[in-house]
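Heads up, the chain below is alone and in the form predicted alone; it's given as structure tokens.
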Amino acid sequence: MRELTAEVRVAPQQFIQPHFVVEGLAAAEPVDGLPGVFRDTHDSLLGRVEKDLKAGTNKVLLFGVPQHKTQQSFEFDFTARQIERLRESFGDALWVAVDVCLCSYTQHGHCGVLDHAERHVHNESSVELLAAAALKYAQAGADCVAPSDMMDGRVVAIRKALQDDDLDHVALMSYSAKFHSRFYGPFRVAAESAPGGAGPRDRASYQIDPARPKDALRASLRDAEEGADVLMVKPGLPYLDVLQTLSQHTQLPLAVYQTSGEYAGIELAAAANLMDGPAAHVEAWTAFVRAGAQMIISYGARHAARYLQAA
């Protein structure tokens, strides 16, 4: 009866698996708190994706981490080469989304370039670079570009860059409701993206205040008007209210990111025998779909089919 009467159903096809590929690594490195997740070399990435494909996970979100950090002049060739290799190896069997941000590229770890005084992130200069990165990734074969920086106007700039290069078919998934959150810890280690040194002490000036959900709605509706194909809420569980509100105000598909902190919390509790980890993940994923998400980005995407079947 529970199977027959369920109002919310979660399917493996809704999941996207994040991957970190790091330039200069001699061998893959495990990410603390995220069992089964690694900072990969270009070779180990291909092996991991191949294994996931055999298990039924055919959608990825790629994070490229270059070896050399800088302040102003950026090259996006390393990440572009990884996209090309994925496309050459797996063709259309794999759907490839690519994160678009500067946090892994900058010496200071912020999502954009700093002004001359190094006190603030300079929006206009950052948007120009983000559009260039998105175009490079699309030209390399990405199916989807996903700006996560939270700069104002980057969606319209990326959309124009794609259209001008006849790449209208490339989807644009905006991190439109990305909050200034404490749930990003393991990710920032994996992506080498923690703010430090020059610039603001944190990202509060450009990520959304957790106490201002209306800003998330405004930002998301703006990104929809600027040409986004998919809107995203990040983190997931602490912001189910935002996800549900957004689902009532737009007809665009909605994605939710089960962040590294959310995922690690369940895994750590399960390792201490305080909860059933797989069942807890399924419960969280069900909550995401119940609140309005069609897509779930999760470090456990590769386990979704198995966990859902056992639930």
Ligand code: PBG
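The numbering used is simple: start at 1 and walk along the sequence shown. Only a predicted model underlies this, so the values are computations on that prediction, with no experimental measurement involved.
The following text describes the form predicted together with the named molecule, which does not appear among the structures shown.
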(request) Give a yes or no for C144: in the predicted complex, does one of its heavy atoms lie within 4.5 Å of a heavy atom belonging to the named molecule? (result) no
(request) Considering only heavy atoms, tell me if R154 and the named molecule come within 4.5 Å of each other in the predicted complex. (result) no
### Message
When the contact criterion is heavy atoms within 4.5 Å, does A131 count as touching the named molecule in the predicted complex?
### Response
no
> How about I83: is it within 4.5 Å of the named molecule in the predicted complex, going by heavy atoms?
Replying inline: no
Within 4.5 Å of the named molecule in the predicted complex by heavy atoms, the stretch out of 161-169, 218-226, 96-104, 74-82 is 96-104
request  = May I ask whether F15, T286 and R306 all come within 4.5 angstroms of the named molecule in the predicted complex, judged by heavy atoms?
outcome  = no
In sequence order, the residues of 193-230 that place a heavy atom within 4.5 Å of the named molecule in the predicted complex are S193, R203, Q207
